[in-house]
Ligand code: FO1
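One chain comes next, on its own, written out as structure tokens in the form predicted on its own.
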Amino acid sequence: MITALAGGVGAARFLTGLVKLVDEKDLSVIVNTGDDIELFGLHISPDLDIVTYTLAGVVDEEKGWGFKGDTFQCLETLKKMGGESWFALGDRDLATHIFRTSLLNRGWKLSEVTAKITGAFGLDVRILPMTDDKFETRIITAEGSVHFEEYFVRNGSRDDVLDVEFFGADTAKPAVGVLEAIMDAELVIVCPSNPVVSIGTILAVDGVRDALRHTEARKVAITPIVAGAPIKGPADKIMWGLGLEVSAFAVAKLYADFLDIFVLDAVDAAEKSRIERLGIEVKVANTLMKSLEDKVALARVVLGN
């Protein structure tokens, strides 16, 4: 059994390569829900949806999120009425959020709703939200505290980051199946996602980090930082704002208490010895997934094939 910890686009792209090599039924994916946000009365789970749409083969590959070929007539009409339109919700995408919200309002847990949605897309992969409880990632800037999606999407990550807060981290419990997926795994993969606001959120949920320390699984992480910059997203601004070096080494150090192997991009091979001094084995590979062949090749490295 394989368990992956995942954020959004980068993780989803890696997972498309992984499922070419392993049976979907043997894969569980624990997904960040710190980005979840309510808009227009709807519960939106960006990372859960990105992973689901990507593995189902319906994602807009150019953007990395939403449905390919989707239309935005509902959003355009809302904009005419004076509604906010900064978060691009396509018409087909809205169906997912309406369905999720209706079930949550009837008392379903987010993990139960997620299983229903992934089943509807014909997936055998077990996709698990990190928690069923309220958890919200907020970014502190000079202008104050904003939800991560407001910082990233609405504000275009333009403001300097002063701090990051995880609202709900003190009370959030792992969703059913999360700890078991880690403890029962033979391999745990930390996908190439933002180490603070994608993987860091998962690690902040009660019991998750401890489970990673104690599982007998081999634990492998893939760098999301290449040549001192993130492949996608504002990881550099967030890491810099928290006083962290923006490097693959800094990412490895954040995971050093539980990690066995770190996959480093070839352009950063010079960092290999520094990471090894953390007590972590290092594999050097191409981590830039520009094609399906790249994704499969990276998955082979992670699997040890």
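Don't overthink the numbering: it's just position in the shown sequence, from 1. Given the structure is predicted, the values throughout are model-derived calculations rather than measurements.
Keep in mind that the form predicted together with this ligand is missing from the display, and what follows is about it.
Enquirer: Within a 4.5 Å heavy atom cut-off, is residue 136 in contact with this ligand in the predicted complex?
Expert: Answer no; every heavy atom of residue 136 is more than 4.5 Å from this ligand in the predicted complex.
Enquirer: Quick one: is residue 65 in contact with this ligand in the predicted complex, heavy atoms, 4.5 Å cut-off?
Expert: Judged by the heavy-atom cut-off of 4.5 Å, residue 65 is in contact with this ligand in the predicted complex.
Enquirer: Taking any heavy atom pair closer than or equal to 4.5 Å as contact, tell me whether residue 19 reaches this ligand in the predicted complex.
Expert: No, residue 19 sits far enough from this ligand in the predicted complex that none of its heavy atoms falls within 4.5 Å.
Enquirer: Heavy atom to heavy atom, is residue 289 within 4.5 Å of this ligand in the predicted complex?
Expert: Result no; residue 289 lies far from this ligand in the predicted complex.
Enquirer: Just give me the single entry in 120, 78, 183, 153 that has a non-hydrogen atom within 4.5 angstroms of this ligand in the predicted complex.
Expert: Contact residue from the list: 153.
Enquirer: Exactly one residue in 99, 167, 87, 108 has a non-hydrogen atom within 4.5 Å of this ligand in the predicted complex; which is it?
Expert: It is 87 that has a heavy atom within 4.5 Å of the partner.
Enquirer: Of 5-13, 292-300, 279-287, 21-29, which is the one stretch near this ligand in the predicted complex, taking non-hydrogen atoms within 4.5 angstroms as near?
Expert: It is the stretch 5-13.
Enquirer: Should the three residues 251, 268 and 271 be counted as contacting this ligand in the predicted complex, with contact defined as a heavy atom within 4.5 Å for each?
Expert: No, the candidate spot makes no contact with this ligand.
Enquirer: Pick out the residues of 25-61 whose heavy atoms come within 4.5 Å of this ligand in the predicted complex.
Expert: The stretch 25-61, when checked against this ligand in the predicted complex, contributes 35, 46, 47, 49, 50 at the 4.5 Å heavy-atom cut-off.
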